[in-house]
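One chain follows as structure tokens, the form predicted alone.
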């Protein structure tokens, strides 16, 4: 029993300790081996709850931490949090494996990427607000240094912008948490529903919206993605954005039907704006990394629309879309990194015709692009369809405007495929090797999950249905 109760602590502590050991290694090869082992062990640990799907409470850990303030070391999981934990451990392992481009201060780098994994897991399993907030803030530290040290030419500007934006949002979140404590006398946020005043919606909203990021709070995202190293972009798109989605669902969803009644309409219009704006901006870019970054704004718009539906299928579709985005977009960023490593450019006008001599990279890019534009049978289609299905019941014909955003996404990726794979070949391009074995081992799991999620979505829906329906019922939503 004690082993089961301690598993959640092991989940975040394993990568953190692994990072410290990697930092102490005498050379980069040893540090890489330690990082891969630690991330692999964490992934294996995260699979253990799959044997307890009927009763996650066996993993609950609740220890009084600061008695005077009623602060607890309270960890637990449900379908919502566990789905994001699995995404985190899966992507962390692949990101560590795909860190071959890091050529300086490798021991420090592997410490930070494992530290990032530890704090992200902590965010999704902490159920005491103080503990949640400590993990939430701690995420900023490794991501700031990953961008600022190992990023591109303008890495310091991008790292500072990321840090200031998200830190600013955290101030509003802290204010909301303190209000919840003063009104209820506890930091266990599961009990806050009947205590929070209506104005706290705006505090929670700003804290989480900046992290998603919801339009118009998205401006830090393209800069961060463009300057981050490939594994940093994979983690940023795959998991960090989901922190805001998780916050919306965990904190706002139960209150939208009661304390925050009517605010769902505001969320819907913001989601709709983000969906269309992200598509327009992506269509005007020539840097492939910026294209993928702006499509993230568009996809997060779909997530917000699904949450705003206040319907079971709409919210489950929003979460599915978040998980699908967490697989497909890291695949695209990984492929962009592989292309840049070969051609030293991400400009669409300087790339072309690579399908004739790089069939594996080209095939993977087609799968990722088709998944991102919502082709049936691949991951994103399920999320988009169910999110829109739920939202239709509340917003009707207004949702048809969102189809414009979906069409823009299709144009974005068709343009990318046409130019990069089948466009006119640059005469200065040499014949370059296709995917190596190491690269195949990074790309293949992401392609596999893209297909599995698209063909067998019921596994995810069965996992998250109890927790999502409980959050909806808590808010007495109809």
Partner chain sequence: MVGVTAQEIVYRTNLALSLILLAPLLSFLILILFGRLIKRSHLIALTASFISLFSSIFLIFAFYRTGRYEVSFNWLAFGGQGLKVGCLIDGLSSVAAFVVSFLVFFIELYSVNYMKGETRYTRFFAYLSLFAFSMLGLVLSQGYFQMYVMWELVGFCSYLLIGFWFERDAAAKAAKKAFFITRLGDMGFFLALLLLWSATGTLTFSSLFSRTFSTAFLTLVTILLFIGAVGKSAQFPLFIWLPDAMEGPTPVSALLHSATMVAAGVILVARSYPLFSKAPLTLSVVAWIGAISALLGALLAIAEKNLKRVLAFSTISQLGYMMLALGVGGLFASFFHFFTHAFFKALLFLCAGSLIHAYHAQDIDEMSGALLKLPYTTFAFLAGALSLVGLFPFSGFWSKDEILISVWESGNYWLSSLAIFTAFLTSFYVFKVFFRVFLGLPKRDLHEMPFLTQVSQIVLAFIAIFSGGAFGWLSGMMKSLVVEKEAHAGFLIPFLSTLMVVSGCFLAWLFYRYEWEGGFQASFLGMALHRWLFIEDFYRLIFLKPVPYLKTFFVNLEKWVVDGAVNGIAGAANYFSYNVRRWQQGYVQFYLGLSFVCLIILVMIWWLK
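Note that the structure is a prediction, hence the values are computed from the model and not measured. Numbering follows the first chain given and starts at 1.
Missing here is the form predicted together with its partner chain; even so, the following discussion is about that form.
The partner is absent here; in the predicted bound form, the one residue of 284, 345, 191, 154 having a heavy atom within 4.5 Å of its partner chain is 284.
Screening 240, 84, 373, 249 for any heavy atom within 4.5 Å of its partner chain in the predicted bound form leaves a single hit, 373.
Not displayed here, its partner chain is kept clear of residue 105 by more than 4.5 Å at the level of heavy atoms in the predicted bound form. Contact check for residue 163: every heavy atom lies farther than 4.5 Å from its partner chain in the predicted bound form.
Not displayed here, its partner chain is approached by residue 218 to within 4.5 Å at the level of heavy atoms in the predicted bound form. Among residues of the shown chain, residue 395 is not one whose heavy atoms approach its partner chain to within 4.5 Å in the predicted bound form. For its partner chain in the predicted bound form, the listed stretch (350-358, 327-335, 91-99, 124-132) containing residues with heavy atoms inside 4.5 Å is 350-358. Against its partner chain in the predicted bound form, the set 280, 406 and 461 is in full contact: each member has a heavy atom within 4.5 Å. Looking at 303-318, the residues that come within 4.5 Å of its partner chain in the predicted bound form, counting any heavy atom, are 312, 313, 316.
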